[in-house]
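Given next, in structure tokens, is a single chain: the form predicted on its own.
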């Protein structure tokens, strides 16, 4: 005979209690169930297996041969299940005490990240902070797909209604260009003088953020010329040095690309950039999310 495979853990737990107590009433009390409900469940298990597991007579309850054969295996299954449940709970506990911080480029900005971490850990010493580097193709830096709990992002965010944020830094937008470019000789550049230049653009999936760094609002309806698309700091630098185009950059990020052959200049006629720590609105009351946001506000003076 082949045993059926859909026996429930509960059924084995009931069987084990009766097998160890050899008394239905005491087993029911141990399980916090009624004795009739326990008897009914054990009989259902016996029907399912096609054997009697207990002999019941006026002298009491005893294991049958089949019951004695099943007993060590039932214990093993329940022990393994308990270990599995404990492992799952450990993961859940770790998730509750772990905060994933997404970012597309390092925040830098005078040691901002270490300062936030230090203040956050002082309030949440049992927490673990995991930094997650995310491609520029995801302007939410991991918030949209749930891989980050909080993230350092540039505003505006796509689907902005989904998120809340605190602004970390408001910085002028500079223009980055090859040091051989004619405009590199100027100490300041008017945006009107840049409008016809080929621009480096973020991936299309970055939505309003792509438009923002192309300064669409300041173009008066004239479409930008796209020289190349970029998805990392390294790609940006190589495209600039290669003469594929110019780009706007926040002043705090200028050191990342002003390596050999690239310079930045202030731009007149465009507004500043806003760098923020963001989180999903529904997570705003999670202790670790709220704690990190408070640490960020404190450090940034927001």
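Note that the structure is a prediction, hence the values are computed from the model and not measured. Residue numbers count along the first chain shown, from 1.
One more form of this protein exists, namely the form predicted together with the DNA; it is left out here, but the text below deals with it.
When the DNA is considered in the predicted bound form, only one residue from 258, 39, 64, 251 comes within 4.5 Å through any heavy atom, namely 39. Within 4.5 Å of any heavy atom of the DNA in the predicted bound form lies no heavy atom of residue 233.
Shown alone here, residue 43 lies within 4.5 Å of the DNA in the predicted bound form, counting heavy atoms only. Within this chain, residue 33 lines the site of the DNA in the predicted bound form, having a heavy atom no more than 4.5 Å away. With a 4.5 Å cutoff on heavy atoms, residue 23 counts as touching the DNA in the predicted bound form. Comparing 50 to 58, 239 to 247, 65 to 73, 261 to 269 against the DNA in the predicted bound form, the single stretch with non-hydrogen atoms within 4.5 angstroms of it is 50 to 58.
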